[in-house]
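There is one chain below, alone, in structure tokens, taken in the form predicted alone.
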């Protein structure tokens, strides 16, 4: 699909990260998966949890050319719910290799939302390295924050630059 898919991994479905996503794509069609609405078990080496929603979400995810992960910064890293989703990508390399191979060539982006402009060193590494490992293209990221329920003026320029990069690379 031409419109991007946003995978939202936040403990608050209607929190600051969601506000940031909706601000970025306010004039652009996009689909969103809120991981809070699904049952995704932790990864296990014996693949015990194939009866949850992960594989269904993976089947949906591969229909998009552009996949954007959106997460708040929790304790210097991505949210736990998004980390669980990332861990389960291992299933796409073992029991559902067809889905893993279908990610090849797709664009991956990151939206992170924190309490300020300070993004922890190495925060983007899991996203960049996962894109490389999955033969996806990592298109970049935006880190921003929300103040008193509003997007600060200084964040708006970042949003414009990020949005152009996503649209330019949209297939």
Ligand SMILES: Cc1cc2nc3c(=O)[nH]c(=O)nc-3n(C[C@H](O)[C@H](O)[C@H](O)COP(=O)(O)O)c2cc1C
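Residue numbers count along the first chain shown, from 1. All values reported here derive from a predicted model rather than from experimental measurement.
Missing here is the form predicted in complex with this ligand; even so, the following discussion is about that form.
By the criterion of a heavy atom within 4.5 Å, residue 92 is excluded from the residues contacting this ligand in the model of the complex.
Although the partner is absent from this view, residue 74 contacts this ligand in the model of the complex, with a non-hydrogen atom inside 4.5 angstroms. Taking non-hydrogen atoms only, residue 111 never approaches this ligand to within 4.5 angstroms in the model of the complex.
In the model of the complex, no heavy atom of residue 135 sits within 4.5 Å of this ligand.
116 is the sole member of 59, 51, 121, 116 with a non-hydrogen atom lying within 4.5 angstroms of this ligand in the model of the complex. Using a 4.5 Å cut-off on any heavy atom, the residues of 5-23 that reach this ligand in the model of the complex are, in sequence order, 10, 12, 15, 16, 17.
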